[in-house]
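Quick heads-up: it's one chain on its own, the form predicted on its own, in structure tokens.
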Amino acid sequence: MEDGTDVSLSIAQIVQRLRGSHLHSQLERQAKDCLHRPEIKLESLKEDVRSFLRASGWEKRLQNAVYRELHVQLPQCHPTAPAEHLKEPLAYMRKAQASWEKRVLKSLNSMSTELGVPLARMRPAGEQKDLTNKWNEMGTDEPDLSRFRPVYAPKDFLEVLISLRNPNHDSSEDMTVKSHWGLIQVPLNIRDIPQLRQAYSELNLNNGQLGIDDHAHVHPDLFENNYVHIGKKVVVEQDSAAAQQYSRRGCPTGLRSDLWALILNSTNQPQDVMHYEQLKAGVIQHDLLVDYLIYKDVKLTASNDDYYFVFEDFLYQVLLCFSRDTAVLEHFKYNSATPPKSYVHGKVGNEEFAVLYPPNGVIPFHGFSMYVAPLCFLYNEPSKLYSVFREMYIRYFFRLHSISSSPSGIVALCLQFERLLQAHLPQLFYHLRQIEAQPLRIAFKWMVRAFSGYLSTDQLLLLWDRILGYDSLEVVAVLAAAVFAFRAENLMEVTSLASAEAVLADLSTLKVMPLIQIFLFATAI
């Protein structure tokens, strides 16, 4: 009976969310317009209208919209549970996240005070005109950034995760000594190798994989040609669920952009283009302090990257618009984080004058622009690039920089990485721990960026195919452990953290899928 109640609650929730959408008004209009058609009979009105919507592709659009809502809806919870429990059920995680947010906001406010730069200001008319004219070449004339610094870097965030403790948990109850070897000391339920094998069965050694079976020495007739043919059919069918299932074994380069947009239900309708243009107008009208953080981050990361420096202008456009997008606030219903507040000048502490800052509720950190950079290879139309990035962020990337107990959250990924290494390479883990080169201190920067900027782009996109296909970031932790396994022999020889980091400094030659496959399916348990 409870299952039935859960399903009906989910349905009610999805219906409520879709009722106010643009799709709902489009469906209503189509249903009304079709009443004038000769094949619509009064005696079978309901069935005829349904048949028309099915034949004209509107039913499929509705299915995709429902499928999208299933991926971003609130977790099932007791009807009387407070809203904060929906965001994060564990009190100590909520407390740690709130404390971290205060630190980040304090850092932003003190930067504003020290530099004498307001959090927001209206641009003078001349400045607005200049920015409009150079919108497509912002990288050529950015402001003086020497005084600005990132609000925080991943290593600062890692220290917070290391200090996490569950006050209700007695760690002496743990069965093994190994569980005390790692840096993450919180009890979360994470999957071991047998469970991962079951969950990621499509990646096993018997299935063809893009990233392995499409290489030059394998004849395309054996796998690739047929697989691409199926991919084209999936795109033609415009079915989000089928696209997601297909993505588990990788997306062909020529179809990836369409398949990802389909999985994320990023349709780039005229209203999406208009929304992007409104955000652009907001950037041109107002100057925000976070704009300088975005400029600084792009300069420090993507502009110095051999793969991504050419996309500098795209990154500015997308990230500046993203900071103004209040639609992003919707994801805070299921994100353990809370959007930061600021106050109108001279009214600090007066809630009537409190505003969310930045408008999207997300303060960018060092490396944030690398969430967007790989997508520039897939989409050259800014509004399309923007809508795909926003959807990727509110489904996946936000979990990489907020403290939560989610299986795809950064805390669980860190714990999973450490447990996998402890279970399958205990000697290596112990050796690195003894020389004060804790593996997580090296791997954390990879995971917090979902490996963006560390792998070659073709390999990174193959990894992100699987994140979308399995609707989980878990595969990021598996790959991090697999990289250590691959370089284990060299790592056993090192004698310091610096030399361990040197062994793992360059991941650009690695092939993602063979590493994941061998680690999951060819490792003795």
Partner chain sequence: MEHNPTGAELPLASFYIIIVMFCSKIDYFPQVGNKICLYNTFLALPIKTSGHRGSSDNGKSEERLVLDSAVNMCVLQTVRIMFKDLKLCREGRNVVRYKCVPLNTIKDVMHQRPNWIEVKDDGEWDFNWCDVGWLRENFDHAYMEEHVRINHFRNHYELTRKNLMVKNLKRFQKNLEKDMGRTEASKCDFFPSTFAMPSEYHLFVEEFNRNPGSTWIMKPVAKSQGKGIFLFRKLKDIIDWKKVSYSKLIMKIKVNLIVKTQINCVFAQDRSRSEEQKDAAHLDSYVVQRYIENPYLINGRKFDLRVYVLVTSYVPLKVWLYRDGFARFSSSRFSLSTIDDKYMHLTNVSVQKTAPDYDPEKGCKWQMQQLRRYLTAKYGREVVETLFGEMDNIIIRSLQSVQKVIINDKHCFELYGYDILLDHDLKPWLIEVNASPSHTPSSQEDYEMKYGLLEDTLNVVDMEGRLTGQEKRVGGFDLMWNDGPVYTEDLNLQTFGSLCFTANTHLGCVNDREKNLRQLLKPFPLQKKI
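Positions refer to the first chain, counted from 1. Worth saying up front: this structure is predicted, and the values here are computed from it rather than measured.
The following text describes the form predicted in complex with the partner chain, which does not appear among the structures shown.
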Does residue 310 reach the partner chain in the predicted complex if we count a contact as any heavy atom within 4.5 Å? yes
Is residue 114 close enough to the partner chain in the predicted complex to count, meaning some heavy atom within 4.5 Å? no
Verify the contact flag for residue 471: yes if a non-hydrogen atom of it lies within 4.5 Å of a non-hydrogen atom of the partner chain in the predicted complex, no if not. no
Is residue 386 close enough to touch the partner chain in the predicted complex, meaning at least one heavy atom pair within 4.5 Å? no
For the interface check, one of 296-304, 354-362, 145-153, 400-408 should have non-hydrogen atoms within 4.5 Å of the partner chain in the predicted complex; which one? 296-304
Proximity to the partner chain in the predicted complex, single hit among 204, 338, 268, 253 (heavy atom within 4.5 Å): 253
Just one of 427, 168, 225, 133 has a heavy atom within 4.5 Å of the partner chain in the predicted complex. Which one? 225
Has each of 193, 517 and 521 got a heavy atom lying within 4.5 angstroms of the partner chain in the predicted complex? no
Even though the chain is shown alone, can you say which residues of 355-387 have a heavy atom within 4.5 Å of the partner chain in the predicted complex? 376, 377, 378, 379, 380
